[in-house]
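One chain follows as structure tokens, the form predicted on its own.
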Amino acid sequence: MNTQPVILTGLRANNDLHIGNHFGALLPLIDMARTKSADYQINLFVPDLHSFTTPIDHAELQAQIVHNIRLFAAAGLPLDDPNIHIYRQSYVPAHSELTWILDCFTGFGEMSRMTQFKDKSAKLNEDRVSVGLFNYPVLMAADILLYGASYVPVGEDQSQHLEFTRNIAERLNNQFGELFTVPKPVKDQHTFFGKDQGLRIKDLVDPTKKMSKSDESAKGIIFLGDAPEEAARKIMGATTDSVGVVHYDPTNQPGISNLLTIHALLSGETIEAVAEHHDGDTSYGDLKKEVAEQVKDFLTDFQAKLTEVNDAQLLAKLEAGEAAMNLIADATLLRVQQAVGLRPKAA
């Protein structure tokens, strides 16, 4: 098996992806995989077990999982790179079994202090707050520790979970010997991957908040599956302001600044160049029309690429990744099982 250091990150398992996800997550992840695969084993897993820690439509889950993997392929994820492994979490049973073992060495208080659990559970009826949502960081720890991953790109909302992963790994290592590779601390992760300061697309209706799939009306979101004409209409209906002059000023002109951001991301130009080009324009309508055409062209091109994804090649890539990852994960799990007394130790 590959002895290179491991980078591990997850591909979304469900929910529609929008253009904010495309530029903020898909493209950076694909770029990372492409640029680092020569020196690192890249594990890109689909966290399908994570996908229903909060209520979902289970009848749609399987189709969503496959669709979202296809979106990554359409966005340029190389399927022919042998050092990039794609696999579905639930197709590697060791994830679930190691989670249970780690559960038994995890304190209730530790999980109770997790900020993301507090935030997500506050939005749900108490009866709908699942043990899975509470337990999510332990499963995330298993995802990482099974493969000896040193590098895991994490945002601010996942930093606490990574620190827990480090703590539980060190706890078991101290008790049972060197079972796990301890992932690098958050500071080192940010140094390795770069602290992302990229442009972020905001909601078209309320440009003071990020574009998010949780917006039930969807009027402020451009999904990758939107009809290009419908997406253009959303741009034309975007909230602006009464200033009457185009400036890139996210604080005082968030709607106009959001349109300039979308313009920059779709054109590949810097925000500075786009802002300078349009600075002082007095027609918001002309700016909207220009961005609307860009969005139409982008979605038309992306959706054409989606139809060209080779499903047989994609399935073969998944199956190969899952076969390879089961070998690695099972070896780690056996080592842990032997340490805690669930399996006899090798003579």
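Note that residue numbering begins at 1 and tracks the sequence as displayed. If you're wondering where the values come from, they're calculated on a predicted model, not measured in any experiment.
Beyond the structure shown, there is the form predicted in complex with a small molecule, which is absent from this document and is the topic of what follows.
*Asks:* Any idea which of 137-145, 169-177, 239-247, 121-129 reaches within 4.5 Å of the small molecule in the model of the complex, heavy atoms considered?
*Replies:* Contact criterion met by 137-145 only.
*Asks:* Between Val152, Leu260, Val92, Leu98, only one gets a heavy atom within 4.5 angstroms of the small molecule in the model of the complex; which residue is that?
*Replies:* Going through each option in turn, the one that passes is Val152.
*Asks:* Taking the small molecule in the model of the complex as the reference, which of Lys288, His50, His278, Lys36 has a non-hydrogen atom within 4.5 Å?
*Replies:* Among Lys288, His50, His278, Lys36, a heavy atom within 4.5 Å of the small molecule in the model of the complex occurs only for His50.
*Asks:* Examine Thr9 and determine whether its closest non-hydrogen atom to the small molecule in the model of the complex is within 4.5 angstroms.
*Replies:* Result yes; Thr9 sits at the interface with the small molecule in the model of the complex.
*Asks:* Examine Gln189 and determine whether its closest non-hydrogen atom to the small molecule in the model of the complex is within 4.5 angstroms.
*Replies:* No, Gln189 sits far enough from the small molecule in the model of the complex that none of its heavy atoms falls within 4.5 Å.
*Asks:* Does any part of Gln253 reach within 4.5 Å of the small molecule in the model of the complex? Heavy atoms only, please.
*Replies:* Looking in the model of the complex, residue contacts with the small molecule do not include Gln253, since no heavy atom lies within 4.5 Å.
*Asks:* Mark Gln158 yes when one of its heavy atoms lies within 4.5 Å of a heavy atom of the small molecule in the model of the complex, and no otherwise.
*Replies:* Yes, Gln158 lies within 4.5 Å of the small molecule in the model of the complex.
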